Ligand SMILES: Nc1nc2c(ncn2[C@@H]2O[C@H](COP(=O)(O)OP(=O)(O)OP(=O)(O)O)[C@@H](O)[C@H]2O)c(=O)[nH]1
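Before any questions on binding or motion, here is one chain by itself as structure tokens, the form predicted on its own.
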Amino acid sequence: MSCAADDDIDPENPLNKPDVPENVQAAIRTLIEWAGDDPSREGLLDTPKRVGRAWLEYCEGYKEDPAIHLSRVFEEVGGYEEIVLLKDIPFQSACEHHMAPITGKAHIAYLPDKKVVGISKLARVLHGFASRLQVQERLTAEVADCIWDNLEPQGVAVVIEAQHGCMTGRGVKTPGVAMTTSRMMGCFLEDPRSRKEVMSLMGY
């Protein structure tokens, strides 16, 4: 027996994918035509819907406050007082200037005071902010500020390395070039020894 009645299934959308408003589809068809192709040809007929749904997914970070992932904290850590570091977190985003892909990795560290979180939550904070139209500098600052404000640690360090499609695939067309940004807060900003330690753990 089916889990849902046949009457509940749209034959034109059996997977119940999000609807894409006609004005959004029209805008994408206009862009296809302006780029030099025919939006009415067979291979492009469903492209406006696909692109619209893809951008809903690319920008799903607008639907929530990434800080929600830091609301569940733990204070019983057995006296642990050293750096917590999550390295090489892959992410993708989109440049707000050209809507071209940004792909890279992030290193996120903090020195706890009284609160720690599950390590997956650091990645979720990154992905929450990355799933918006972004510039790398702001992304770096937003991740660091979110951890600082919600965990109240002794220090936060965020380093992001990424390649930008607006540079590698257009314009200067220079593939293989990565941009690095960092934000240090608390002891990682004020204490050279702490900064050196966290950067060394990150591989710098």
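The first residue of the shown sequence is 1; numbering continues from there. As the structure is a computational prediction, the values presented were derived from the model and not from experiment.
Beyond the structure shown, there is the form predicted in complex with the named molecule, which is absent from this document and is the topic of what follows.
- A heavy atom within 4.5 Å of the named molecule in the model of the complex is found for one listed residue only; from Ile32, Val159, Leu151, Met167, this is Met167.
- In terms of contact with the named molecule in the model of the complex, the residue from Leu44, Ile68, Met179, Ala26 that brings a heavy atom within 4.5 Å is Met179.
- Checking 49 to 57, 136 to 144, 33 to 41, 151 to 159 against the named molecule in the model of the complex, the stretch whose residues place heavy atoms within 4.5 Å of it is 136 to 144.
- Within this chain, Ile83 is remote from the site of the named molecule in the model of the complex, having no heavy atom within 4.5 Å.
- Within 4.5 Å of any heavy atom of the named molecule in the model of the complex lies no heavy atom of Val117.
- The named molecule in the model of the complex comes within 4.5 Å of a heavy atom belonging to His97.
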